[in-house]
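The data below hold one chain only, encoded as structure tokens and taken in the form predicted alone.
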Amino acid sequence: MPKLTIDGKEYEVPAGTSVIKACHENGIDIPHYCYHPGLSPEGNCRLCLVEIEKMPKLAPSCTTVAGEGMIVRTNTDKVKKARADVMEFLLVDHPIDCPICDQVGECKLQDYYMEHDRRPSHVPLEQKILKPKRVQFSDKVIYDAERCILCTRCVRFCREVPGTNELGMFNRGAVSLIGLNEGRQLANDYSMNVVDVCPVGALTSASFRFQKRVYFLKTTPSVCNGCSRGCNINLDWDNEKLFRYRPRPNLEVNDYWMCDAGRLSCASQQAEGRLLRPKARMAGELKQQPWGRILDRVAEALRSAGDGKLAVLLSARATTEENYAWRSLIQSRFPKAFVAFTPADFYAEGKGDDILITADKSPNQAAGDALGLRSGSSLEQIVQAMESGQIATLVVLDDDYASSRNPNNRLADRFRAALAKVAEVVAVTPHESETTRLASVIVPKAAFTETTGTFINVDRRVQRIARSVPPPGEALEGLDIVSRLAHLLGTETASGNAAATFARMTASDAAFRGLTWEGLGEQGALLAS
């Protein structure tokens, strides 16, 4: 591994490391536009120039590989002047419309101007070259050519990640701009990542434009629930409202990217159809009830059904801790009850790809194996028991088995018909569904963006999710619900705290041995083999 000296201090880096990466990994900031760690270097913006001893000119640190004995200086007067000159060049025709630009607060052009230039433009506004504005690259991405600095990150993203090559650079000199190649639309499944890689306000999201100034947003690290990949994301929110998902780098899971479907699922978390208050069916009608009465009714339903007449359907859409807490409660109080987990192919909708998207659209299918939930009853067995009139109380966590819209829900018709033979059907879920419409008790649960816990992805990586906004209405976090029920049933098998539940899980289940809540960090950790 070569050793190089940066600003008077010696560092050792892996062979092939670029100078800018060596600097960044050692806490030395190098301003840059065209460089992105997930894309090939191009060296076109020239902002990352550094001084390297024995080189006659300043060198772009993104395309210069660190070599043995190299002496690098990142902050000399010569470097500072070069950066200021680059900034002046990039701003020659910039419209200077920061007050109305949606990128304010996360615009590197604005940030670097304040850090490295701070000089007034030599070109009056009326003499600046006008370019196309509000160009629709797709129904998801809007382009403003006047703000574009032609770093080509977006072009390289389309070429190197999805491999679709929709974008290119057109014209020459001062009238150069980014555009769609002839006959193409920006329509790949990852197209909105070009908004993330754009360092300025040239590419913006059609769904997020002008919704919120980003400096008002709070950010919570979490994991997408759109499929079993478990892409790491940031939840941006303010005043109890979610505004957007953004990919969070994790080189073991999703690199720097996420798919458009996962990103746009943000809106569904707070859309119509959320269950806001607990309800119970009385004289044939679902009526709102206080939490105390609802939980008493559920506890009594579990108690009166007893072992042989109780069935619980756990879910690949709930957190690992919720599934563990329900399993622990049922095993301790009703060891002969039917307990099943979401069938492995239940959420196998559509097809995956070779990048991130998986066919399984549930975020926590792997929890079924890790918790040993597949060795118990199956959904088929529970439906048969329901049809025979054996089940008196059924608890359904999250999944909508009564809906026939899912082509993999082969038991939908039978499940729906069999519900009529069950005295008490308890639906514990965040959203309205066909199952909740047929249930006798509705227990409104927090969505994953309102919950702390873990999901286990397709590669058996345990990853934490964290509560960002509070659940709407009177909904409670899933662990809170099951711990209150456990208390009513006279057992303390469940805790309302995700970290405490995780600790119990690591002590009791071999798959989780050696893991700790703190050790999961923000990048997750693999289950034991």
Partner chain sequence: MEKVITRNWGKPGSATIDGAIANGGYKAAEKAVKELDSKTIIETVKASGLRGRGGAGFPTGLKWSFVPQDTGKPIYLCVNADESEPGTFKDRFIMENDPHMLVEGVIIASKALNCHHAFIYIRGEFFQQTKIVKQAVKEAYAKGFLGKGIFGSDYELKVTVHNGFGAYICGEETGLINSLEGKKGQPRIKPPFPAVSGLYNCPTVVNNVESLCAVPWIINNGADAYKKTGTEKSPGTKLFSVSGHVNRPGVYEIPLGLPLTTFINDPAWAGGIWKGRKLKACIPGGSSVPVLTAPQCEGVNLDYESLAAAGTMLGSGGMIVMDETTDMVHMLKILAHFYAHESCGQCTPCRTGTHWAYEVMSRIDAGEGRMEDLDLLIRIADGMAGQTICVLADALAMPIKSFVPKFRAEFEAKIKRKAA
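Positions refer to the first chain, counted from 1. Source: prediction; values computed, not measured.
There is another form of this protein, the form predicted together with its partner chain, and it is not shown here; the text below is about that form.
Scanning 366, 426, 82, 422 against its partner chain in the predicted complex with a 4.5 Å heavy atom cut-off leaves one residue, 82.
Proximity to its partner chain in the predicted complex, taken as a non-hydrogen atom within 4.5 angstroms, holds for one residue of 52, 45, 486, 475, which is 45. Its partner chain in the predicted complex comes within 4.5 Å of a heavy atom belonging to residue 150.
Contact check for residue 170: a non-hydrogen atom falls within 4.5 Å of its partner chain in the predicted complex.
Within this chain, residue 265 is remote from the site of its partner chain in the predicted complex, having no heavy atom within 4.5 Å.
At least one heavy atom of residue 93 is located within 4.5 Å of its partner chain in the predicted complex. Residue heavy atoms within 4.5 Å of its partner chain in the predicted complex occur in exactly one stretch of 36-44, 22-30, 461-469, 497-505, and that stretch is 36-44.
Contact annotation for 454-478: no residue has a non-hydrogen atom within 4.5 angstroms of its partner chain in the predicted complex.
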